[in-house]
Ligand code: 5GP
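The chain that follows stands alone, in the form predicted alone, written as structure tokens.
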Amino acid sequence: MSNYELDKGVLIVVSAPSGAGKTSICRKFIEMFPNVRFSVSYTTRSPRPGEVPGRDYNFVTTETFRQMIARGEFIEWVENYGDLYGTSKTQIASFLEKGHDVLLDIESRGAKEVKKLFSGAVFIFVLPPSLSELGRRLAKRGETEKTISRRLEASLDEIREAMWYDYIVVNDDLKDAVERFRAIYIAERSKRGRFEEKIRSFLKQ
């Protein structure tokens, strides 16, 4: 698969440890910029309370997911806590080709694969204010103590990966975090490299 040049749409990749609040940030961001397309990942896990199929995830069976892997339909896929997650190659490429900006919410292992394929993609990592706050949020979500302990341990590995991301957003206050996310998007959308063709058109006159 060749490397995609992002000369049309902007691909924004966001990752975070479980419970950091990236889903809430993404939803608020999409509300602000309805023209940005959200890439809906595929997963074999069951929907959580409040999740809507086709909006939050495409929920499929393990058999269906394995068939999609065999057909090469994913840019990346990972197994996490016994469940499978994957990003549709066709969906992302189609959105970008049509000039749509795309928001992709995936974990860091998958983000590394995306980085290999998409030149100029923007990578944002969402951090919780602290591990203790992260544990509190997971408990509020209804996770068991055993699951919380396991997720907190995994969170440290994920946070180590934040070192190679382009931007960090600390989600201490949701409104402030969304505003920082918005500012990153606007700045990236305004980079000179995305306007070189327009600049040349002025110089030709």
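Residue numbers here begin at 1 and follow the sequence given. Since the structure is predicted, the reported quantities are computational estimates derived from the model, not experimental observations.
What comes next is about the form predicted in complex with the ligand, which does not appear here.
Requested in this report: Among 44-52, 24-32, 167-175, 132-140, mark the stretch whose residues have heavy atoms within 4.5 Å of the ligand in the predicted complex.
Outcome: So the stretch in question is 44-52.
Report task. Would you mind picking the one in 95, 118, 123, 85 that has a heavy atom within 4.5 Å of the ligand in the predicted complex? Result -> Of 95, 118, 123, 85, the residue with a heavy atom within 4.5 Å of the ligand in the predicted complex is 85.
Query raised in the report: Quick one: in the predicted complex, does every one of 57, 78 and 110 get a heavy atom within 4.5 Å of the ligand?
Result: Every listed residue reaches the ligand in the predicted complex, so yes.
Query raised in the report: Would residue 106 count as touching the ligand in the predicted complex under a 4.5 Å heavy atom rule?
Result: Residue 106: yes, in contact with the ligand in the predicted complex.
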